[in-house]
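Given as structure tokens, the chain that follows is alone and in the form predicted on its own.
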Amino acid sequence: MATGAEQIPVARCQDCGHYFAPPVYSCAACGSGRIIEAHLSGRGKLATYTIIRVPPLGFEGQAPYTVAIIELEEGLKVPARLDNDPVSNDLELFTPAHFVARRDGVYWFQIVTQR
């Protein structure tokens, strides 16, 4: 199980400091091409989500699954899959989440459960 200490890989503009996920080749904020790899804390909260019950081709074996938008502590919002979601409609918005891994270009997060 992940500890929440993992960092999320993103791109960062060296000129204006904006973060981007997925990585880009030029900054949408200032136009600079000076983009470097950066890492963010991987801690955030669930901003919104949807449950995919009728998947696109190639994802049939994964349905149902949850796709979420996670707002990271640093302010960047990233699309993600939830690793430990029971695929229910009762997830609470703004619940803490942490980055687990990036697999096949997809960010995977776990919802932090209160025990």
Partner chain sequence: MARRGVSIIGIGSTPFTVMKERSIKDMATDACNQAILEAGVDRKMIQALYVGNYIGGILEGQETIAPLIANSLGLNPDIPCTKVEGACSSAGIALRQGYLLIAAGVYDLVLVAGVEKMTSASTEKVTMALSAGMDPETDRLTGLTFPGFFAQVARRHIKEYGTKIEHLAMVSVQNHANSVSNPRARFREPTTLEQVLNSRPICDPLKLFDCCPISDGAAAAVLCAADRAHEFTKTPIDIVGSGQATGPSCLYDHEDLTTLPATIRAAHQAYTESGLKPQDIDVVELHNCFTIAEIVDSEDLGFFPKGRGGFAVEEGLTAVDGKVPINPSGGLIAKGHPVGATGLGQLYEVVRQLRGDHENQVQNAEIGLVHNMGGSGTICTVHIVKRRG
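Numbering follows the first chain given and starts at 1. Bear in mind the structure is a predicted one, so any value in this text is a computation, not a measurement.
The same protein also has a form predicted together with the partner chain, omitted here; what follows describes it.
With a 4.5 Å cutoff on heavy atoms, residue 56 counts as touching the partner chain in the predicted bound form. Among heavy atoms of residue 43, none comes within 4.5 Å of the partner chain in the predicted bound form. Remark: residue 50 counts among the residues lining the partner chain in the predicted bound form, judged by a heavy atom distance of 4.5 Å or less.
In the predicted bound form, the partner chain sits beyond 4.5 Å of every heavy atom of residue 34.
Annotation for 57 to 75: interface residues with the partner chain in the predicted bound form are 57, 59, 65, 67, 68, 69 [heavy atom within 4.5 Å].
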